[in-house]
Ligand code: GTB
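Just the one chain here, laid out as structure tokens, in the form predicted on its own.
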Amino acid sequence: MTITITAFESSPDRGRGLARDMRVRWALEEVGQPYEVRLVSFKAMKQPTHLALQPFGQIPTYEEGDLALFESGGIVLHIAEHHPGLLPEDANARARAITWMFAALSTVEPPIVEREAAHYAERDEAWHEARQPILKGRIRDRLDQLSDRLGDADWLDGAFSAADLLMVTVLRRLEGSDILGDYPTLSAYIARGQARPAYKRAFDAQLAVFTATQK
């Protein structure tokens, strides 16, 4: 059965691999599964056809036969559970990897996204700058804890897994900020993820969509 995912027709990340379809592309590349991409506009994302797949009007979605999924973390978990290569075979190690998947999306990502949202929604407010140390402090608390836990290991828990895939994509949202540079351990961790051939293929595929729109 053909796998079809949705992605931005015109991504706000300008092809930098930050849109959440990147996570799904990377997962599919890691497990060697071919897939097709249906590009959707912002207008189409709010129409009934897309809302039937993604009730919140976002991307990505995943379709395979009569199965339709939304939410990048859920999609990556589905891929990892049905194809070897992204979750350990040992039951306990598998459970730990899934726990780290949730940690990436539920513990580490929220303060990062909150800071991004504040920039776009509140930057013209008088109190915006005063709030920045609070937002940055929340991120640094999580990065301190994550960096301490990772230590000198290559990956979060043994071999590379879907947990690392999600965590790397979450941390990449801090690239270019004045925060990530203070965490060489995490910067090296991101670089290891980006060096994976599957990551490069996924990144190039997402970038190609943006490049095509600029011609």
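Remember, it's a predicted structure, so these values are computed and weren't measured experimentally. The first residue of the sequence shown is number 1, and the count goes up from there.
Only in words, not in the display: the form predicted in complex with the ligand, which the text now covers.
Chemist: Between the ligand and R20, F42 and R173, in the predicted bound form, does every residue show a non-hydrogen atom at 4.5 Å or closer?
Modeler: Every listed residue reaches the ligand in the predicted bound form, so yes.
Chemist: Counting only non-hydrogen atoms, choose the one of 55-63, 29-37, 157-165, 184-192 that falls within 4.5 Å of the ligand in the predicted bound form.
Modeler: Stretch with heavy atoms near the partner: 55-63.
Chemist: Can you check whether E71 is within 4.5 Å of the ligand in the predicted bound form, heavy atom basis?
Modeler: Close contact exists here: in the predicted bound form, E71 approaches the ligand to within 4.5 Å, heavy atoms only.
Chemist: Since only the chain is shown here, I'm wondering whether P197 would be in contact with the ligand in the predicted bound form (any heavy atom pair within 4.5 Å).
Modeler: Although the ligand is absent here, P197 would stay clear of it in the predicted bound form, with no heavy atoms inside 4.5 Å.
Chemist: Closest heavy atom of D13 to the ligand in the predicted bound form, within 4.5 Å or not?
Modeler: Yes, D13 sits close enough to the ligand in the predicted bound form that at least one of its heavy atoms falls within 4.5 Å.
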